[in-house]
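Shown next as structure tokens: one chain only, the form predicted on its own.
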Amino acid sequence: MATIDSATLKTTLQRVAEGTAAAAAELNAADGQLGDGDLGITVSKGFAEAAAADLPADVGLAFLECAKAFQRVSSSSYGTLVATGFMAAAKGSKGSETLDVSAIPALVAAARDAMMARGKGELGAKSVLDSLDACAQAIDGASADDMAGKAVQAARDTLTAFKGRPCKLGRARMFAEKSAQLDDPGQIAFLRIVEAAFPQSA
């Protein structure tokens, strides 16, 4: 896969929708220990809606449609962040019906920065932002063949890197000692998303 178009995006979204639906119970349980317990519902409903959306040929407008779909059904903080990430990707790819994969690292980095600004978050706080940052760095300069594998491995490595460290962002920050013993639910969700997006690398 050297290029991405709207059809490729839709196929990927369908895989992620199936993957996050399968992981919904796991994500709800993880979130239930530190938050509202609805993270699995948030991501599975959001990606199901995005996968069902009629995506235009313009890749940027397709990402924008994904953002709108997420916002329609997932108004939680995580859903808002994912929608923000899609909007950042839309801004960076608008006007093109075919996107070279070499553009993906910049889109992921833009999504990370937009999500940090939207959520007033920072790196190192043990959140999905750290997963996105690790992914952006891992795939920067990678070949098209290696990019998916590096993204999945970066998501896994992030969970490992933050084991034993407390969450310092969101509701989980109120349970610092407990959160240190647990994986961050947002980071688990990100891993399940990239595993579903790139099953050959999972």
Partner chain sequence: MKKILNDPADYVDEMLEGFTAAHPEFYAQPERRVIARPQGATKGKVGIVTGGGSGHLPVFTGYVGPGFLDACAIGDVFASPSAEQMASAIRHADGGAGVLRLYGNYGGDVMNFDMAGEMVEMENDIATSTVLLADDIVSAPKEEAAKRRGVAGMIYAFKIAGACADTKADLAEVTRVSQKAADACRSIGMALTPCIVPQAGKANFELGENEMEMGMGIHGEPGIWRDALRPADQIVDEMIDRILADHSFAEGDRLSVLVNSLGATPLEELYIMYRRVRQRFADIGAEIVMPLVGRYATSMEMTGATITTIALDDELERYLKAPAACAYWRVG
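Remember, predicted model here, so these are calculated numbers, not experimental data. Numbering follows the first chain given and starts at 1.
From this point on, the text means the form predicted in complex with its partner chain, which you will not see here.
Asker: Just checking whether Leu107 would be counted as a contact of its partner chain in the predicted complex - the rule being heavy atoms within 4.5 angstroms.
Answerer: The answer is no: Leu107 has no heavy atom within 4.5 Å of its partner chain.
Asker: With the partner left out here, check for me: in the predicted complex, does some heavy atom of Lys68 sit within 4.5 Å of its partner chain?
Answerer: Yes - in the predicted complex, heavy atoms of Lys68 and its partner chain come within 4.5 Å of each other.
Asker: Given that the partner is absent here, does Ser77 sit within 4.5 Å of its partner chain in the predicted complex, heavy atoms only?
Answerer: Yes, Ser77 sits close enough to its partner chain in the predicted complex that at least one of its heavy atoms falls within 4.5 Å.
Asker: Does its partner chain get within 4.5 angstroms of any non-hydrogen atom of Leu55 in the predicted complex?
Answerer: Contact check for Leu55: no, nothing within 4.5 Å of its partner chain in the predicted complex.
Asker: Only one of Leu159, Ala142, Ala51, Leu64 comes within 4.5 Å of its partner chain in the predicted complex by heavy atoms, so just point that one out.
Answerer: When its partner chain is considered in the predicted complex, the option within 4.5 Å is Leu64.
Asker: At 4.5 angstroms, heavy atoms only, are Lys150, Ala154 and Lys163 all close to its partner chain in the predicted complex?
Answerer: No, the whole trio is out of contact, none within 4.5 Å by any heavy atom.
Asker: Output the sequence-ordered list of residues from 83-110 with at least one heavy atom within 4.5 Å of its partner chain in the predicted complex.
Answerer: Heavy-atom contacts within 4.5 Å come from Ala83, Thr84, Met87, Ala90, Lys91, Lys94.
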